[in-house]
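The chain below stands alone and is given as structure tokens, in the form predicted alone.
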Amino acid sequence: MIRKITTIGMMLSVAVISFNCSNNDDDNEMQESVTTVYVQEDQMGRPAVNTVFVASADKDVFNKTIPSKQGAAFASKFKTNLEALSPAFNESTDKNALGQTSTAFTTLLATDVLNVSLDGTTTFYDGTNVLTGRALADDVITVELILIFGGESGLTMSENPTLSDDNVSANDKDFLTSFPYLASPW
């Protein structure tokens, strides 16, 4: 009798252990519920635009403003900063190499997105196409300096030549020919 009770007890113990060691990973009762909240902390559609035209006090607000609302919120501040910064925009009729007045140019800049041509050349500027995207080798900062300081003939004869070129003509390392295409930082 004692032997039967011991056998039954051992069988019950094995059954309990087997039940608790289920390998069913699809059991929803075992999963934790995780909620992830992402917060936008920074944005930079066009290099240096945020750095140059957004005042320190406005950085957090600008970085968290969706691009479709940035123009209305920041274009007038961009215009004030551009006219104070660039002698090429001293007069209200002054234009940049794209033929834009300070109002038109800062309205474009204040919406900080990188436009991309879906059916044409992708470039920041290649001599013909302007702001249709960005290739890694594009000299983005020099193009921006030309548009800010170069005046109407900035592409061929800048009004402020010492302010219209970053004097960095190429990346210091070759870009890769396959993804991720960026040059190694080392």
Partner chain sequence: MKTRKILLGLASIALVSGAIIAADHIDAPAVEGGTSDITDFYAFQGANTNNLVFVANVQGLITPENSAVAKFDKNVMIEFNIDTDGDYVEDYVIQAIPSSDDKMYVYGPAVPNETGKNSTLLSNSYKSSVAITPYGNDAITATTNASSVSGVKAFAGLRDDPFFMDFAQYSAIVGGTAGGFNNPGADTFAGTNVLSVVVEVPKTMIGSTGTINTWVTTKRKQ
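Computed from a predicted structure; not experimentally measured. Residue numbers count along the first chain shown, from 1.
The form predicted in complex with its partner chain is left out here; the points below concern that form.
- Though the partner is left out of this view, Glu152 does not reach within 4.5 Å of its partner chain in the model of the complex, counting heavy atoms only.
- When contacts are judged by a 4.5 Å heavy atom cut-off, Ile141 counts as touching its partner chain in the model of the complex.
- Under a 4.5 angstroms non-hydrogen atom cutoff, its partner chain in the model of the complex has Thr51 among its neighbouring residues.
- Under a 4.5 angstroms non-hydrogen atom cutoff, its partner chain in the model of the complex has Gln43 among its neighbouring residues.
- Of the residues in 163 to 186, those that come within 4.5 Å of its partner chain in the model of the complex through at least one heavy atom are, in sequence order, Leu163, Asp165, Asp166, Asn167, Val168, Ser169, Ala170, Asn171, Asp172, Lys173, Phe175, Leu176, Thr177, Phe179, Pro180, Tyr181, Leu182, Ala183, Ser184, Pro185, Trp186.
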